[in-house]
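Below, in structure tokens: the form predicted alone, a single chain.
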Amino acid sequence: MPSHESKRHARRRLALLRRIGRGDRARAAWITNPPDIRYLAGCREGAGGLLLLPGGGAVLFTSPMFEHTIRAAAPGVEVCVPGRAAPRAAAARLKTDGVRGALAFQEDTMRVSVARAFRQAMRGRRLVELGRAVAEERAVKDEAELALIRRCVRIAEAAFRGLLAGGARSALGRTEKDLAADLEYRMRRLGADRQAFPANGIIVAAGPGAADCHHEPTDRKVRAGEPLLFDWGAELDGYRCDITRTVFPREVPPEWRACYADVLRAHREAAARLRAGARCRAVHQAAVDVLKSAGRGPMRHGLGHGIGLEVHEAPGLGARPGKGRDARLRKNMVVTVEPGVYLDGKGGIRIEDDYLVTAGGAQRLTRLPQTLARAVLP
């Protein structure tokens, strides 16, 4: 009997096939983006491709190295260990099953050489780019996904509180690297699988380093009276959270008091615009307008992004059109709101929380305080 998880993945595959059938009238799809394969089948690694067939059938192509793992992780999905390249094996399967019509595929997730081989294998079949179809399906979370994200938030927050429980003495004199490693260790001790940022890792930025949006921790030691920025998250069963707090050991210089107030006002103004049906660009612009009116200049990055199986996924809350940034928010999307102000050579302030979009507004999933009074480490 199919498990609850395998039924959930099957429903997702059918929903995607219905979507592409209406648009490009594709009958089948070839999925190569690993997070999308996980979303549609359940396996974490080792898949050379996922072939979706009419009616919701699915075939995962893998190697002997991962066969046992994938069979256990993706019940209800046929597993194939081809003696030849996966695209050629997929083409043969389509022919054997008599599947006619267009095939949707994800060329932007393939290396050039792989894309070339795929097109060669599928020669004679009409190919259509899958585009944002899977991303848009993934953007709206179900209850199981929301439960995992909430658990990630609780873990990340508890680890952060523990890290700074001793106030200023918890940070002063310690290096950025040391604090980042300690925060990750605490999240793992609390049940996280790992920290949430696979590319760059946890950001801990002291003083001038906080002006670098994606600062990599160094051996610089934390000093009193300077901004100390933490951007971190926990990962659990593939899902993540993303939080940023800027704290000040001992005291807050007047320049930073005014800056913090402007960033917090921008954050709250934008968060108040979150609701199903709101345009992503309009939410971003609400924060930009606040900072502009305060004389803070243009923001260096988009206001926020979706979060789930990837730390940055649809929708994008940014100024530029394209890549879903001019889309409308939908109920049960989870997005970050993270306005920031950065002063080169001095530091920066960013306040980031995760929000669940609802029909009439948004629920702040993050519970850490936002106010400056709680950002000072005594």
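Residue positions are given as counts along the sequence shown, with the first one as 1. The shown structure was predicted, so the numbers you read here are calculated from the model rather than taken from an experiment.
We do not show the form predicted in complex with a further copy of the same chain, though everything after this point is about it.
Just one of 96, 113, 293, 120 comes within 4.5 Å of a further copy of the same chain in the predicted complex, counting any heavy atom, and that one is 113. Listed residues 136, 269, 251, 182 were compared with a further copy of the same chain in the predicted complex; 182 is the one with a heavy atom within 4.5 Å.
Remark: all three candidate residues (44, 188 and 300) come within 4.5 Å of a further copy of the same chain in the predicted complex, counting heavy atoms only. Contact annotation: residue 213 falls within 4.5 Å of a further copy of the same chain in the predicted complex, judged by heavy atom distances.
Although the partner is absent here, residue 177 lies within 4.5 Å of a further copy of the same chain in the predicted complex, judged by heavy atoms.
In the predicted complex, residue 78 stays away from a further copy of the same chain, with no heavy atom inside 4.5 Å. Although the partner is absent here, residue 192 is a contact residue: one of its heavy atoms lies within 4.5 angstroms of a further copy of the same chain in the predicted complex.
The stretch that touches a further copy of the same chain in the predicted complex, counting heavy atoms within 4.5 Å, is 192 to 200, out of 251 to 259, 138 to 146, 192 to 200, 226 to 234.
Taking a 4.5 Å heavy atom cutoff to a further copy of the same chain in the predicted complex, the contacting residues in 42 to 72 are 44, 45, 64, 65, 66, 68, 69.
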